[in-house]
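Quick heads-up: it's one chain on its own, the form predicted alone, in structure tokens.
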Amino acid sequence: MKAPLAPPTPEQFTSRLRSPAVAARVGVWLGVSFGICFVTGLVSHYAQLPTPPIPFPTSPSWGYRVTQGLHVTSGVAAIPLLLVKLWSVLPKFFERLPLRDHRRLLLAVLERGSIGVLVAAAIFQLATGLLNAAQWYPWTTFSFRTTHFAIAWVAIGALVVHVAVKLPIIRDVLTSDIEASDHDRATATTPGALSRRGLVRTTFAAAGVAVLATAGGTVPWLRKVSVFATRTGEAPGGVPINKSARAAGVEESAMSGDWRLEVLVDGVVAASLAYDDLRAMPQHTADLPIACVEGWSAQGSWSGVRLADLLGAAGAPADRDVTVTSLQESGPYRVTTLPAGFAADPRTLLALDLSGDRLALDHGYPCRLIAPNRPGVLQTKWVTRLEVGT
């Protein structure tokens, strides 16, 4: 009978590369990546609130494009950093707990507990974030946005605890030569294929390559080298399409001659406009980006009717939020709320054209909302109703 497999012991990990000196240097940049990802994620979450307590700004028009691009690229950069960080500290998971020394036991529990929670949360965030960028949602039991937001707080809390527990060692190894062995385990003496400095540089290079391979979704001049970018601008007007008219189930309703745009004020239909009615109104052009939560973005030259002019002509007050309804049959963003500040901005349009051509069906024909500094999922396509309430 074979003996059961025993877990490894720390002494079996003999590589000099598994060192606090390596872990700390990689960990610094992993922490920076996590910090950028966390802060920009908060911005994205706040931007999608229907009625934020402090109005989200409409300027600069490219603000959300930058923050969400940073959110995704910093998350991608964190993947190789996290893998090397885990590899370098793996022996710590197999150390015996110092049960007789209560102080050391508390520190060990905090250290391993924070690492365990941080690793689990980080893997969840990075995996679901990548799946969201690819628009593949194998889960059906939870909301990506809500859960991603909640687990981000768990991850950042575990990171803070981990840094607090390890701060004395982190400070010591960062101020010492990377080859110093003061904090190494006694058995970590076997040279690696690379030096410690070489491993750290290779890790940073891998993070840089990962960013270059994906950042083209946000930075147009990187598109030729960003082989893993989820969107590259290959669509009408150079603006990518997330949801097609077929996927939204609007092919017939959007092309119907019976389509009307209804404007309701205090529950009463104040205007019912056909496509030609919108064409007959004064047309304006705004150069605005579409910036999606998946990280891609593209600049477009949009033309159409100023929303403020349309609402004003219908007798709607200028200081109220607007409920925007799409023709699409279902989905969490079929009905969205446009805050009053966005509705009043002269750059906010009901767009009829993109880059001088009539709006393509997949881009939201007969009309779509386009506003500055707003997440792409809230730039409602196939608009059929605007409702101004109390």
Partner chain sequence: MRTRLAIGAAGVLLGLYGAFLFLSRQDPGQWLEVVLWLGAGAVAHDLVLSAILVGVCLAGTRLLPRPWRAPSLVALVVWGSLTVVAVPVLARGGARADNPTLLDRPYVATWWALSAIVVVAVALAGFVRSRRARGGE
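This is a predicted model, so every value here is computed, not measured. Positions refer to the first chain, counted from 1.
Keep in mind that the form predicted together with the partner chain is not shown, yet the notes after this line are about it.
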Scan P240, G304, G295, P289 and let me know which has any heavy atom within 4.5 Å of the partner chain in the model of the complex. P240
Could you spot which one of R320, R223, H183, R112 gets a heavy atom to within 4.5 Å of the partner chain in the model of the complex? R223
Is there a heavy atom of P168 no more than 4.5 Å from a heavy atom of the partner chain in the model of the complex? yes
Distance check, P191 to the partner chain in the model of the complex, heavy atom within 4.5 Å: yes
Interface membership of E234, the partner chain in the model of the complex, 4.5 Å heavy atom rule: yes
So in the model of the complex, is the partner chain close enough to G300 to count as touching (4.5 Å, heavy atoms)? no
When the partner chain is placed as it is in the model of the complex, are F13, L17 and P138 each within 4.5 Å of it, taking any non-hydrogen atom of the residue? yes
Note: the partner chain not shown here; in the model of the complex, the stretch from 305-313, 258-266, 172-180, 208-216 having heavy atoms within 4.5 Å of it is 208-216
Which residues, if any, of 105-120 lie within 4.5 Å of the partner chain in the model of the complex when only heavy atoms count? V119, A120
